[in-house]
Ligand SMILES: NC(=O)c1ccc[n+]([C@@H]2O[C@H](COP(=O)([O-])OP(=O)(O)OC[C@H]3O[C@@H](n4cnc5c(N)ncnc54)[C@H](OP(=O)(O)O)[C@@H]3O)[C@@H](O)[C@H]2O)c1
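Just the one chain here, laid out as structure tokens, in the form predicted on its own.
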């Protein structure tokens, strides 16, 4: 009987990582899972050890800790952003540990018409992976969502739960195609499971494109909120964002993000469907799950939780009520 393949996952305590660890753990007849992480606190919050994963602590800056974690592994799954510049260390350690199979998660952001520094670093990382001699697969997700840690949809949900007005930079008609972290995890495990994916690169996106305006309207509907969209011309917002970036020590918004919001970010997932059996849930279903999770994780008395709870019991919000009740909450 063939032993299960040993898999090491970096970035396992992050948004996508917890889903990926659980998905590999579901296939315990084929895989044994180990995680590479920096923080015991993050590992506990992500529930990695409860999933049966062996945890190796360290960082890419501590090269030896990563090389040690790779010893004896068959497959390496890289979830940490390639934009951080760790590719040379990662690939060298994989070579030294004789780990030939690798699944590397990049991003469809490399296709932007803009030229941020991270794009150059990611493109160089992908080129290194292709030239590494590994049996590699590159997975490029669109915007990832699924929990209150996604930094995108969770912020929109909180804003729309608190405020009756939302500013929209530009017309709000650009397309996006967010992918739920649970669906992305399945694509990653499928890629690690088949030789068809070796040497291949896949864009992994949500079920269907949706405009920013439609995204706002759908979230407001599920929250049972009436929200006014106020469209602000980009020519007015760009100088404000430019000034904000320079005044704040750690700005959360940028001119680059403003431009990105007005780019189409819709990508076909046809090749992933064909080779990996990839299926993406509808955005309505995915964002409903995220709202439900945020409700359950919110502190007692939190405004988001109270607003969503009222929406779930409102007679006119039957679809959302059904989702909540179906989850036993």
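Quantities reported herein were computed from a predicted structural model and do not represent experimental measurements. Numbering follows the first chain given and starts at 1.
This protein has a second form, the form predicted in complex with this ligand, left out of what is shown; the following refers to that one.
Asks: To verify the annotation, which of these, 242, 111, 84, 163, has a non-hydrogen atom within 4.5 Å of this ligand in the predicted bound form?
Replies: Looking at the other structure, the residue within range turns out to be 84.
Asks: Between the options 93, 157, 192, 79, which residue brings a heavy atom to within 4.5 Å of this ligand in the predicted bound form?
Replies: The option sitting close enough to the partner is 79.
Asks: If contact means a heavy atom within 4.5 Å, which one of 59-67, 286-294, 273-281, 27-35 is the stretch that engages this ligand in the predicted bound form?
Replies: Stretch 59-67 is the one.
Asks: Is there a heavy atom of residue 106 no more than 4.5 Å from a heavy atom of this ligand in the predicted bound form?
Replies: Close contact exists here: in the predicted bound form, residue 106 approaches this ligand to within 4.5 Å, heavy atoms only.
Asks: Does the 4.5 Å heavy atom contact test between residue 152 and this ligand in the predicted bound form come out positive?
Replies: Taking the distances in the predicted bound form, the answer for residue 152 is yes, it comes within 4.5 Å of this ligand.
Asks: I'd like to check something about residue 258: if you look in the predicted bound form, is any of its heavy atoms closer than or equal to 4.5 Å to a heavy atom of this ligand?
Replies: Taking the distances in the predicted bound form, the answer for residue 258 is no, it never comes within 4.5 Å of this ligand.
Asks: Considering only heavy atoms, tell me if residue 210 and this ligand come within 4.5 Å of each other in the predicted bound form.
Replies: Because no heavy atom of residue 210 falls inside 4.5 Å of this ligand in the predicted bound form, the answer is no.
Asks: Counting only heavy atoms, which residues in 141-168 are within 4.5 Å of this ligand in the predicted bound form?
Replies: Contacts from 141-168: 141, 142, 143, 144, 151, 152.
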